[in-house]
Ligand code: SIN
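One chain is shown next in structure tokens, namely the form predicted on its own.
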């Protein structure tokens, strides 16, 4: 199937439903055949009971991405709800972000400038397909975004890709070839190819010899037991963001090119058009995502949290 550019959850039957204590039924509506579900009947400002959290957790595991529309969350609400699914990690360091802010767990994604300084990270440029924080030893299991301001023209879509299905669509001989392979991921560069503090570009020309975390090319989800292709990122500027261990660089590049070619067909992708009040949480262990660019003249402000995992990819 082709990728899905807009969500039409009203056209899908509820994937599941449950009664919260004293609450109306929660509806879980499939957004696309590729990935994602909309959860309805929940106000994330409320203290949710265990049964409601379990329905949400199951929807997240089953669909990879869950969407809540028309939320009105304070920073405290966002942190409290995110913690229902695990301890929170701090986002990537921003040198200009106040160290004493009330909720340091919130990472601001924005292109807005105030008094000549950015209030957030990532600007308005494209962010290519990637898995969050794959350059760390234990990447977060989930990432969340809450929309405070979005471009008036609807641009700045976020795409999500089901990496279970990408793995399963690979030819059987190729899947067999991937078993047992591991990749070293580059911790030196950002998604945009900028060098992080404390690293030199020259030391990462040979990624196999450099420092960096090693993750399996095919990981098994610790909760679902399903296998997903785990690529991390394709490139950081001119450098490969990962290299398969035990292969010459040319052989590693050829295999990765073959896999990224499948990713770029976007056969199992869905693109979300943001509205103010949208809250989205995705499973970093089986979903990749990207963001389309948008005009620098349009404001976009998102609050992000990331939920800590307690096991390394395996």
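Numbering follows the first chain given and starts at 1. These numbers come from a predicted model, not from an experiment.
This protein has a second form, the form predicted in complex with succinic acid (SIN), left out of what is shown; the following refers to that one.
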(request) Determine whether any heavy atom of residue 158 comes within 4.5 Å of a heavy atom of succinic acid (SIN) in the model of the complex, and answer yes or no. (result) yes
(message) So in the model of the complex, is succinic acid (SIN) close enough to residue 291 to count as touching (4.5 Å, heavy atoms)?
(response) yes
(message) Against succinic acid (SIN) in the model of the complex, would residue 68 count as a contact residue? Criterion: heavy atoms within 4.5 Å.
(response) no
(message) If we define contact as a non-hydrogen atom of the residue within 4.5 angstroms of the partner, is residue 227 a contact of succinic acid (SIN) in the model of the complex?
(response) no
(request) Work out which of 142, 106, 88, 145 lies within 4.5 Å of succinic acid (SIN) in the model of the complex, going by heavy atoms. (result) 145
(message) Just to confirm, with a 4.5 Å cut-off on non-hydrogen atoms, which of 73, 133, 79, 127 contacts succinic acid (SIN) in the model of the complex?
(response) 127
(request) Establish, in the model of the complex, whether 122, 274 and 304 all lie within 4.5 Å of succinic acid (SIN), using non-hydrogen atoms for the distance. (result) yes
(request) Tell me the stretch among 58-66, 283-291, 262-270, 32-40 that has any heavy atom within 4.5 angstroms of succinic acid (SIN) in the model of the complex. (result) 283-291
